[in-house]
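Only one chain is given next, in structure tokens, and it is the form predicted alone.
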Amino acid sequence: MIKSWKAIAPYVLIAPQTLIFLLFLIFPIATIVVVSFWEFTGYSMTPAFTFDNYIGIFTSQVTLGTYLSTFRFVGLVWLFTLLIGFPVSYFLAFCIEDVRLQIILFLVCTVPFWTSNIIRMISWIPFLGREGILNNLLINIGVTDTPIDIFLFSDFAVVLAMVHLYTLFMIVPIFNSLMRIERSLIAAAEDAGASGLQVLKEVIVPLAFPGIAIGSIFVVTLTMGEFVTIRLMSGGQSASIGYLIRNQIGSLQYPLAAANAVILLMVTLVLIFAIMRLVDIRKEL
């Protein structure tokens, strides 16, 4: 009896996690995939197996343009979060020696996350608007005579808001990677005659790659499915696949929305696998 229990014990212990994984991840995704092949007549959907939804997506210039717009947002947000996140992480890891001050400054970086995403997005409106703080400042210092419209309800506002929302997701893993770097490696490189730039290029950046990869996965996956930020900050003028799926669900076009969701998921997985192929992030986890 004891031997038989020992044989099945691992399966019994893993059963609850497996059921949760199947019910809340695999089953919903499988349902979306199945629905993506259903027929949609314009006012009702019928269980079937058709590729019309996918054909319609790849033959629609509007939809393809929306995908390109989404990729543009992903690329810009990833680039700016990296350009901001790496220097901040470097400063915290190497320029602040007092651990208590490190913790305090790191907590300062998390302050914006103490409020909801909606509040943080809305807070940009009085700053970027035609009568906002930024336009008034530019007018007062003589940079422009009239308010500049590009600051709000534009792609600029969308990227700015998403960078604000997701930069911390880049800072945390990079900071973690930098804190794991042995300071003796840096000292050895300096003793060998390496300049500060060479140390950064040859030692610090390569060892920070796992953190950069993890932060990139976070930022890419979050940005790919964004629709609330794009809706609020663009005033409905910018497009993304997440926003398109939301509109299709609102108009009861479930098969078409499911097909777009499947394509978006596949593209996201391809990007994640590509990042994981470049860097072994398992060492960081």
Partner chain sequence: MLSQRRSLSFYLLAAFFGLFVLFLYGPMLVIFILSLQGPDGALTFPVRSFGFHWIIALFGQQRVGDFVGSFQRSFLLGVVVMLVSVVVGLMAGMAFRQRFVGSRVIFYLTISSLIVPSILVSLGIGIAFSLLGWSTNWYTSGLAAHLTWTLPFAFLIMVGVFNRFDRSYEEAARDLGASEISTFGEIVLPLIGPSLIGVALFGFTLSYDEFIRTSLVSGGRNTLPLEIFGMTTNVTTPALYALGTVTTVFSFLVITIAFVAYQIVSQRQK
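Positions refer to the first chain, counted from 1. What you see is a predicted model, and the numbers here were worked out from it, not measured in a lab. In this text, the rigid core denotes the largest set of C-alpha atoms whose superposition between the two forms falls within 1.5 Å.
Omitted here: the form predicted together with its partner chain. The next part is about that form.
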(request) Would you check whether its partner chain, in the predicted complex, lies within 4.5 angstroms of a non-hydrogen atom from each of Phe24, Phe91 and Val228? (result) yes
(request) May I ask you to choose, among Gly142, Pro206, Gly193, Gly196, the residue with a heavy atom within 4.5 Å of its partner chain in the predicted complex? (result) Gly196
(request) Find the only residue in Ile181, Leu138, Ile148, Cys109 having a heavy atom within 4.5 Å of its partner chain in the predicted complex. (result) Cys109
(message) Can you work out whether Glu202 and its partner chain are in contact in the predicted complex, taking contact to mean some heavy atom pair no more than 4.5 Å apart?
(response) no
(request) May I ask you to state whether Leu105 is within 4.5 Å of its partner chain in the predicted complex, using heavy atom distances? (result) yes
(message) So, Arg120 and its partner chain: in the predicted complex, are they within 4.5 Å at any heavy atom pair?
(response) yes
(message) Just checking whether Ile125 would be counted as a contact of its partner chain in the predicted complex - the rule being heavy atoms within 4.5 angstroms.
(response) yes
(request) Any residue of 236-250 with a heavy atom within 4.5 Å of its partner chain in the predicted complex counts; write them all down in order. (result) Gly242, Ile245, Arg246, Ile249
(message) Please state whether Leu269 has a C-alpha shift of 2 Å or more between this form and the one not shown, with the rigid core used for the fit.
(response) no
